[in-house]
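Take a look at this single chain, the form predicted alone, given in structure tokens.
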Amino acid sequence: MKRIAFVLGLLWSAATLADDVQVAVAANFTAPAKQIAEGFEKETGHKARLSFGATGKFYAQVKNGAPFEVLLSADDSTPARLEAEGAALAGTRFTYATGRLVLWSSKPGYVDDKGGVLKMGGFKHIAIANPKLAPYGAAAVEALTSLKLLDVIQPRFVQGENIAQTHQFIATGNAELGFVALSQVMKDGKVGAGSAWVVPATLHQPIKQDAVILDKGKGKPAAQAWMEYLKGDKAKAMIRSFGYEI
């Protein structure tokens, strides 16, 4: 009986220590974040409550009092800005991944491996995420500018609110092709369905994605545990498997 009581006491203690953490996640990081959250819960007992969307919108929501405790941004400037404005905890910010931009079509053979389809121009619509809200959209504009194709292609833009909606436009055929995050089209270490060109990183600024504990996560063990798990080898391996660099 004493042993049963002891075991029950341990279980009760673990349950009382476990907590939830509210995490705002950039839309491009949806798939890896879900995998990481599963491992995080198994190892720590804490549960990550994930919300996905555009980094720019998350910034506005945090400033308006949204209950997020951690931000996984699609850039490095938004977490730095929140920290400077006192809405994020100083010293908690770090780069958890560096993203890669890809030109993708759901049609096999449509996008060549050098992006020549952009110069050929045989398409009516090309999807990008809102460059004012989504860093991958901004990177797409930078890449087209570097290629001296922006003025020609811009009238054909179909603009998604975030990178997830942009991917949907292409997947459903509403746009023949478009710029998304490599992680969205990776499967088993390579591009899955359709065709793609991984945009050279030299054509745009590095897409450094930073994480930071927000003001509402101050003193929350689950928030700190999430950040530590994100820095660990298991999470890093998951992140790399989706085409990100560490």
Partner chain sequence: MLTPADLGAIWLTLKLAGVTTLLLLLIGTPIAWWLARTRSWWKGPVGAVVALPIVLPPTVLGFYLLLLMGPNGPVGRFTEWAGIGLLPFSFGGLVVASVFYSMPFVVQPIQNAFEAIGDGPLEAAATLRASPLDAFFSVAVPLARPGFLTATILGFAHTVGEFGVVLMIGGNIPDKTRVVSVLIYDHVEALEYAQAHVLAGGMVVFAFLVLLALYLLNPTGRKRR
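Quantities reported herein were computed from a predicted structural model and do not represent experimental measurements. Numbering follows the first chain given and starts at 1.
Another form exists, predicted together with its partner chain; not displayed. Remarks below refer to it.
Engineer: Looking in the model of the complex, any heavy atom of Tyr59 within 4.5 Å of its partner chain?
Structural biologist: Contact check for Tyr59: yes, within 4.5 Å of its partner chain in the model of the complex.
Engineer: Please tell me whether any heavy atom belonging to Val117 falls inside 4.5 Å of a heavy atom of its partner chain, as the geometry stands in the model of the complex.
Structural biologist: Val117: no contact with its partner chain in the model of the complex.
Engineer: Taking heavy atoms and a 4.5 Å cut-off, does Ala54 contact its partner chain in the model of the complex?
Structural biologist: Heavy-atom contact with its partner chain at 4.5 Å: present for Ala54.
Engineer: Is there any non-hydrogen atom of Thr92 lying within 4.5 Å of its partner chain in the model of the complex?
Structural biologist: Contact with its partner chain, no.
Engineer: Residues Gln159, Gln168 and Gly173 are flagged as a possible site; in the model of the complex, is every one of them within 4.5 Å of its partner chain by some non-hydrogen atom?
Structural biologist: Judged in the model of the complex, Gln159, Gln168 and Gly173 all sit within 4.5 Å of its partner chain.
Engineer: Taking 4.5 Å between heavy atoms as the contact cutoff, choose which of Leu133, Leu103, Ala88, Leu71 touches its partner chain in the model of the complex.
Structural biologist: Residue within 4.5 Å of the partner: Leu133.
Engineer: Heavy atoms within 4.5 Å of its partner chain in the model of the complex: which stretch among 142 to 150, 123 to 131, 92 to 100, 108 to 116?
Structural biologist: Only one stretch passes the 4.5 Å heavy-atom test: 123 to 131.
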